[in-house]
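We begin with a single chain expressed as structure tokens, specifically the form predicted on its own.
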């Protein structure tokens, strides 16, 4: 079956989907995006994803392409037309098409693109049970990482470095030596006394939706969370480390730049959080 994409009011074969060459998303990365998990035919945490989308557009003074209810219909329809039961739906909003110039164009209509695809659930579960390695890189991104824009070149460079060094993810480190987050995930450690540590969600990191829902899971389990920076060295000495994102949910980290975390095996806390995550997450049927 041919994949289907939504572009500005039309459902098109994926290979035929197009945007204008002067779309500001292409010219300036003047665009924002969200990735929402689909699990057993339901959109996971759609409300929080759309809340964050609206915040990102607001921070960039970008008009919405349509109302929330209509956008939710489009997300569901794209998932349905692509027969996605387990996977992800991706949506991107740009400021629209205008002659190339840096200031915001007057009257440009936003561009909306939505796609969806399935994932190999067994492969994802096997990765989580095995755990992954991360590679450390300097954080060279712009200063508003709290806005989920498509300006991801620094993230792509970090991911490429990780791949070339046999790692699944890159951890980005600020100028003071503290981990900010992963190239496409939030970073966590578990201390010797069982506390969960992750950096506070300010302008230095993206407030991950999975990260936010994990706070609910931790509260139910009566686990303490410390929102503070941690260094790579503290992470190496930690009892556990893990990453969170809509693509990966919770994945244990077993090595940092080749050095084992804990005993080098996935930790029980991370695996338990992964197992219980969807019981706390919102599920909106497609």
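Just so you know, these numbers come straight off a predicted model, no measurement behind them. Numbering follows the first chain given and starts at 1.
The following text describes the form predicted in complex with a small molecule, which does not appear among the structures shown.
Novice: Can you work out whether residue 199 and the small molecule are in contact in the predicted complex, taking contact to mean some heavy atom pair no more than 4.5 Å apart?
Specialist: So residue 199 does not count as contacting the small molecule.
Novice: Applying a 4.5 Å heavy atom distance criterion, does residue 93 contact the small molecule in the predicted complex?
Specialist: Outside the cut-off, so no.
Novice: Find out whether any non-hydrogen atom of residue 79 is located within 4.5 angstroms of the small molecule in the predicted complex, and reply yes or no.
Specialist: The answer is no: residue 79 has no heavy atom within 4.5 Å of the small molecule.
Novice: Decide whether residue 206 counts as a contact residue for the small molecule in the predicted complex under a heavy atom distance cut-off of 4.5 Å.
Specialist: It does: once the small molecule is placed as it appears in the predicted complex, residue 206 has a heavy atom within 4.5 Å of it.
Novice: Choose one stretch from 49-57, 66-74, 227-235, 255-263: the one whose residues place a heavy atom within 4.5 angstroms of the small molecule in the predicted complex.
Specialist: Stretch 49-57 is the one.
Novice: Only one of 62, 246, 43, 217 gets a heavy atom within 4.5 Å of the small molecule in the predicted complex. Which one?
Specialist: Partner contact (heavy atom, 4.5 Å) among the options: 246.
Novice: Tell me, which of 141, 165, 85, 117 has a heavy atom within 4.5 angstroms of the small molecule in the predicted complex?
Specialist: Contact with the small molecule in the predicted complex is made by 141 alone.
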